[in-house]
Each structure stands twice: as C-alpha cells, then as structure tokens.
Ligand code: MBD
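First, one chain by itself: the form predicted on its own, in structure tokens.
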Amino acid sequence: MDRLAADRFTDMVVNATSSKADPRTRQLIESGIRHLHAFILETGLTLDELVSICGLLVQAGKISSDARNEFLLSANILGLEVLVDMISPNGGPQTAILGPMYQPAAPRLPLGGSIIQGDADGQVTYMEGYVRDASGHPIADATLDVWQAGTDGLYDIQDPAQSGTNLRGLFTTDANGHYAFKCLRPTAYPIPDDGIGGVLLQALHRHPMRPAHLHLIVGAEGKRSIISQLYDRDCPYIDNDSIFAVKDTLVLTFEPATGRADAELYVRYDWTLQDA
C-alpha cells in the first residue's frame, strides 16, 4: 500500500467515529488511531507481531485483579504514568504516580500513631512535618493517606502473612498543620515480573527494581490533593528506578532519631497545597 492510500485508509477509520461521540473520547480515540497507524507504517509491523501484542494484552487481562493491575504496571514500565503526571495541571515538584497498590479505607490513626501492625520487621521511623497553603499558612485537618511495602517488598494485599491494613494509615494535621506518624524505613523491591511487565523488562534487558519509597496522598478541603512518593537517599536504586518516578524534590535523608525511644530513625518533609 502506498503512503497516500495508507493516509486515506487512516482517515476512513477516523471518520467512522460518530459525531454523537463524547468530544473528549473522540479526541483521544482519533489521535490514538493516527499514532497507532503511523507506528505500524514506520515499523513495518507484521501480522504475527500484531497477534503477539494482542496475546500479551489478553494475558495482562487474565493476570489483573483488584490486587494487581498488570496494565498499569506495564504503563509504568514504559514511563506512561510518569509522563502523564509531568504534563498534568496538578503535577509539580511534590507529585508522583499513584502506583497499583493503593487501597481506599486505610485505618484512621491518631497524630504520632504507627502504621506498623504487630512486630516491626525493620527500622521504625518517626516521620513528621507540616502541611501549609501557598502563602505558608498552616492547614488544619489536612489528611495524609500513607501506605508502604513491608521489608520483604510485599504490600499487605500481596502478602497473606500481613494483616489486611498493615502499613497503611490515615492521619490528620493539628491546628498548626503538623502531622506525625511512625512507619518502617522503606525497602527497595522488584515490581512483579512474572507477567507481562516481566516480558517487557526481559525484552528490554532492564531490571525490575524500585528504589525504597513511601506512598502518600495529602489533601485538604478546597485544596488540590497531592499524590506522592518519598524516597530514601541511601537506596542504591535511587538513580535507576525501573519506572522512572524519582524526583530530586522527593528524596529524603533518614537520620538517627535522637532522644526517641519509639523509633530508630527520623525524617521530616513539609507539604504545600494549592487552591483547588
């Protein structure tokens, strides 16, 4: 097929979309069609390769569940979610990707409480800071939804040995915008590589490791929420994240918790919330 005929074919497929379609849906699909058709023409994709790609998508669907989103994992490996965050109006120096392990309804815990349930396997860390608005004023009653993997690299929804809400917690700032909680020093771990994500990584000769991190969603009434991840500066994967999510503004130094009997390490981080 010559290029002119290919362009006419692409136009025919695009124009098949009804004018009654939702405008944003139409925009996304039409642009997607044009880029996919251009990709096929540029690479000379074969039918066998197309069938293979579709087979991988079928496998991703079979693997995915409420506890595992193989499509989002694959998108992360290809840098798609990070790129969406980079161009988002809500993106910024304190934002990061949500990741596939978020679960709603974390237990509400008191200021200074611990997300660790049972015996701590790792270094207990006391984390605190302040949530302020763009003018630097403290925000009372801001919420921090926190979750992290255990020292074995598994989240509670992946690990039957953990309780259902282990290493998750919801905290509220006081009148001064102060928050505090106890967690574990995060551990580096491999993203699941026994599915389509692993096929991608193997094909690209890339490792599956994520640097040690802690997840948070910080929000308040009338403010734009921040979805974020905070990273351990001493982690060997800090400059080589398998999903490209690390920002310098989110890298922290874990220090000895001087004078604290309830924690080995201390770390502080402040948040700034913009008006919604």
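Residues carry their position along the shown sequence, with the first being 1. The structure presented is a predicted model; accordingly, all values stated were derived computationally and were not measured.
Omitted from view is the form predicted together with 3-methylcatechol, to which the following refers.
Each of L73, I97 and M101 is positioned with at least one heavy atom within 4.5 Å of 3-methylcatechol in the predicted complex. Of the residues given (I191, V124, V199, L80), I191 alone sits with a heavy atom within 4.5 Å of 3-methylcatechol in the predicted complex. Screening I227, L230, A220, I243 for any heavy atom within 4.5 Å of 3-methylcatechol in the predicted complex leaves a single hit, I243. Y179 falls outside the set of residues with a heavy atom inside 4.5 Å of 3-methylcatechol in the predicted complex. Taking the partner from the other structure, 3-methylcatechol in the predicted complex has no heavy atom within 4.5 Å of any heavy atom of F171. Residues within 4.5 angstroms of 3-methylcatechol in the predicted complex, judged by any non-hydrogen atom, belong to 206-214 and to none of the other stretches in 206-214, 25-33, 232-240, 43-51. Residues are counted as partner-facing when one of their heavy atoms sits within 4.5 Å of 3-methylcatechol in the predicted complex; in 141-158 only Y155 qualifies.
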